[in-house]
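A single chain, nothing else alongside it, follows as structure tokens in the form predicted alone.
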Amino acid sequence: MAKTGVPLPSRNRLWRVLDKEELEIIDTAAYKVLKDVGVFIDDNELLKMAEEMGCSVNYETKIVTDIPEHVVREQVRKAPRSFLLAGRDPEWDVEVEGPARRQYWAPESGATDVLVWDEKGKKYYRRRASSKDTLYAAKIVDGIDDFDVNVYIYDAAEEGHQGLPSELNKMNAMLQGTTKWAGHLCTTVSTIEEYDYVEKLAAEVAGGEEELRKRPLFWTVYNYIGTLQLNRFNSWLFRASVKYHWPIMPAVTAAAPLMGPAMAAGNAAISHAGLLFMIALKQFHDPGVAAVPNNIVFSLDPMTGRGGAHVPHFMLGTCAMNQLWHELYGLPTAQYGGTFAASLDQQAFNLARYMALQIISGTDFIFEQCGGEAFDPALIPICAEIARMGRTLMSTFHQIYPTPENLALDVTKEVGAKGEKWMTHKYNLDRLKMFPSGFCLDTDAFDTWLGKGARSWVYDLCREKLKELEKHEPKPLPKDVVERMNAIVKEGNEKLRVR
């Protein structure tokens, strides 16, 4: 039996930012955006696919408009509410049984650089990340039970710099480095043929293409670039997802206030419109395959141009999107958000405050986005601590229900006003699991903490924990499978290399 996910309380106990009428207003606005504004698609094949769905297509401007509401609604209804995302080890299968039923966790970055801490010199240096770094991080995440799934931390930027197909090399590292579901297949800049090699690679792990259909090891991730613009690389990935029946997780990154409305409601309507279009187009051409909307409502800090996941616009917008898809469409949701700060302590703070809203609003897949363009591996235990906080809250949520057992009035009467026997009473001893420990927090008394050198959590304790986590080795694939995977990657590197 799979051990992934934390059960969520019933939906009426989750935090909501809008009532049903307000959700329907944003939903209606999204369909108006699809009709009057439309979507830019920089790929003639995908434009044809949109035209086949009944949209108006201008092949000169590459704008798709008049996207029919009744067709979108009909197609979105085909997206399954329940589905399987497979771990290489079935113990780590993710069995989704509908929206807001269970919550799943993973850290995420996609950093192109590794931040290396020089302990002696007390300073950072950075270097370009490679698939070896992808593999390193995947192994660490694989060994942390607070993470239900695995998502790449480092992009294979070094391979990309060499002109090699980076997504192929990255997915090879992920599939070999974890027994959990392997997360995100993203856009390539080499050629659409790279996805043929990724399919071959995953089929080797799954035991054939047919088994991969039944037990998908990853999903495909799209970010509209700008407001409602699908570039050729997003288009290639979408066409590959239809060809190979891969699940999808689309997102719209209308970067307010530079490339999107400054008010969260307007930006949510744009994001919702883009997701409706992508999921409908997927179901029209590949019906019944899992499609999980990413509830991101993106914003930037207008003073710096950096991601603004810490601002209310972002936080409120994502929670509203979560409701839209849960309550009006009955689909599970995902999100990646958190922080674009540089220092570890600021990242920990921003992650914790943003994730708190995702937890209590019932987001199904929580991906802790951190590190930006460069990632310090010490962020992995930081993310694990935040995940444990969220998992603990949801897994023990039922304790607040005022049932006779939880109220314990008979026991209170028995113990009496002084309360001296509570600690040794069977009632409490049987429920000590309601008080779980942290992942790597220091809970020593103040004087003890001072005596040990007043160590920082993010800069000292998390680095110590990281050394322990580095010892984990996931269950390896059979030798012959690894040999065939390496041969596929070698052939892909030779045939697809940009010279």
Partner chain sequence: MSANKESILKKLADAVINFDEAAAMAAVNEAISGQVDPVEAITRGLTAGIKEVGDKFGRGEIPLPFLMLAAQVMEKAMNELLKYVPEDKRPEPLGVMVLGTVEGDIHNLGTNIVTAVFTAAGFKVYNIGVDQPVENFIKKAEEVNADIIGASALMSNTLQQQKFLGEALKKRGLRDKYIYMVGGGAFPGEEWCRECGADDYATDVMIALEKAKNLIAERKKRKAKK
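Positions refer to the first chain, counted from 1. Model, not experiment: these values are computed from the prediction.
The form predicted in complex with the partner chain exists for this protein as well; it is not shown, and the discussion that follows is about that form.
S.K.: With the distance limit set at 4.5 angstroms and only heavy atoms considered, check whether Ala29, Arg81 and His184 all reach the partner chain in the predicted bound form.
M.R.: No residue of the spot touches the partner chain in the predicted bound form.
S.K.: Which residue, Val96, Ala240, Val289, Ile225, has a heavy atom that falls within 4.5 Å of the partner chain in the predicted bound form?
M.R.: So the residue touching the partner chain in the predicted bound form, by this definition, is Ile225.
S.K.: So the partner chain isn't shown here. In the predicted bound form, which residue out of Thr112, Ser361, Gln75, Thr179 has a non-hydrogen atom within 4.5 Å of it?
M.R.: Answer to the contact question: Thr112.
S.K.: Heavy atoms within 4.5 Å of the partner chain in the predicted bound form: which stretch in 420-428, 382-390, 198-206, 227-235 meets that?
M.R.: Partner-contacting stretch among the options: 227-235.
S.K.: Report yes if any heavy atom of Leu258 sits within 4.5 Å of a heavy atom of the partner chain in the predicted bound form; otherwise report no.
M.R.: Yes, Leu258 sits close enough to the partner chain in the predicted bound form that at least one of its heavy atoms falls within 4.5 Å.
S.K.: Can Leu300 be called a contact residue for the partner chain in the predicted bound form at 4.5 Å between heavy atoms?
M.R.: Leu300: contacts the partner chain in the predicted bound form.
S.K.: Pro402 near the partner chain in the predicted bound form, any heavy atom under 4.5 Å?
M.R.: Flag for Pro402 set to no.
S.K.: Is Gly160 close enough to the partner chain in the predicted bound form to count, meaning some heavy atom within 4.5 Å?
M.R.: Judged by the heavy-atom cut-off of 4.5 Å, Gly160 is in contact with the partner chain in the predicted bound form.
S.K.: At a 4.5 angstroms cut-off on non-hydrogen atoms, which residues of 180-196 are near the partner chain in the predicted bound form? List them in order.
M.R.: Thr187, Thr188, Val189, in sequence order.
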